[in-house]
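In the form predicted alone, a lone chain appears below as structure tokens.
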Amino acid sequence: MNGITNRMSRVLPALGWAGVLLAAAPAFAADEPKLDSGDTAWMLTSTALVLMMTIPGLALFYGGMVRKKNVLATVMQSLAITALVTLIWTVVGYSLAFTEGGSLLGGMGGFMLAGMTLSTTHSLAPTIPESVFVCFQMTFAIITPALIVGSMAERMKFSALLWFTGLWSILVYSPVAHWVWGGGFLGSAGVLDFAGGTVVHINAGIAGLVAALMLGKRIGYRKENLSPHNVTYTVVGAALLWVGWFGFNAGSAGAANGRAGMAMAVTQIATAAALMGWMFAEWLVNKKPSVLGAASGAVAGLVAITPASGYVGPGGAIIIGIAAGVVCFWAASWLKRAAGYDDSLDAFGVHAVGGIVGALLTGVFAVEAIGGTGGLLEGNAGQVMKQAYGVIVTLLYSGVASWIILFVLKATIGIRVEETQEREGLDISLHGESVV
């Protein structure tokens, strides 16, 4: 009996320590990032949705708005940018934007996606594989330069477009993405941009305006009929953008959670409000609501709610949407005519202006219970100033850097097609094909 007692006296403490360790194990494990199949499934879906926004969404949206002789060239630009930026992002773009570095630029630790395995994650999305995070952010890097095409449609050399896209992606997109999302100085300063109001839309829109000014007006601007050849294509493209934008905004939550659900809800609400705002503004001014205007209004709402989508509620989304629809209609009609620039497909008027509206109103309508930071209506007036700071920095940097890139290309390989090529149409002159 004493032998059994002695053995138990040795076993029980051991079991006690084991019990303590087993009880503590979940606490230790909780500190380790763990892949979540639900989050991963949602982010895989979101990645596909955002890629769909460029091909075929933006390709059709822009392709329908140009003249028939330029439709293939315009669609080709979206296809080529998708392929080119994919490779650039893989080699160096992701590393510069999202790996550890300084306040201005990331490092080279992710060059050629070095170190990425089946189980590695990123601190911004710890419950999904890093490979999914890389591809999700890649789709943002793809669509941003593709948006710029809208300002320089029907007159830019294809070779110059490829050079511009490559240089701009490395020198402009990746740094701005790092500033806001990758640990850079804008994010540290408290600038709110949930899904790309500054990084994508203001960034692309101001670059588009610079490109339009440097290229000059299309031949026959305000003298010839430059009307869209197929508004049906544009509406289909806008519809694909609308659906894909749920991946853009709700996917930026990085997980399948309540914040993603709220982002999806306010995206739908703001887009509907913007469409109605543009439509009624156009109806009042031009006496008829156009189909092209309705499609453009929807895109304006999608743009404006992008920075706000993870921070505002339904009420704020309605006001942001209406404001974007009305202001972008004004920019795409009156402002463009008054200033005299040829923003062919209104990339500046919709994306830069809509992005500015959304970024500033994020500072007004942000709800602390949703995104952790309150806005002006919750007593945080300084948030509006922080948003304005992000807007100004992005406008200045992207505008100047884009001008430098285009200036160098103009002085070397040239950026505009010959007059005979432009009159013949870019489909035949650049690609040897045409739509029958």
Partner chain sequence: MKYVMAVIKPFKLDEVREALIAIGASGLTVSEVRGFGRQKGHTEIYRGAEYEVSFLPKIKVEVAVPDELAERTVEAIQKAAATGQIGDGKIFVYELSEAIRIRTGETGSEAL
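All values reported here derive from a predicted model rather than from experimental measurement. Numbering follows the first chain given and starts at 1.
Heads up, the form predicted in complex with its partner chain isn't pictured, but that's what we're talking about next.
Its partner chain: the contacting residue among Ala177, Val357, Ala332, Ile206 in the predicted complex [heavy atom, 4.5 Å]: Checking each option against its partner chain in the predicted complex, the one that comes within 4.5 Å is Ala332.
Residue among Ala339, Leu171, Leu292, Met108 with a heavy atom within 4.5 Å of its partner chain in the predicted complex: That would be Leu292.
Stretch in contact in the predicted complex with its partner chain, which is absent here, among 358-366, 188-196, 218-226, 100-108 (heavy atoms within 4.5 Å): Looking at the other structure, the answer is 218-226.
Its partner chain contact in the predicted complex: Leu345, any heavy atom under 4.5 Å: Flag for Leu345 set to yes.
Partner contact for Val391 in the predicted complex: its partner chain, 4.5 angstroms, heavy atom: Contact with its partner chain, no.
Ser296, heavy atom within 4.5 angstroms of its partner chain in the predicted complex: Ser296: contacts its partner chain in the predicted complex.
Contact label in the predicted complex: Arg416 to its partner chain, heavy atom within 4.5 Å: Contact with its partner chain, no.
Residues within 4.5 Å of its partner chain in the predicted complex, restricted to 112-136 and counted by heavy atom: Going through 112-136 in order - heavy atoms within 4.5 Å of its partner chain in the predicted complex - there are no hits.
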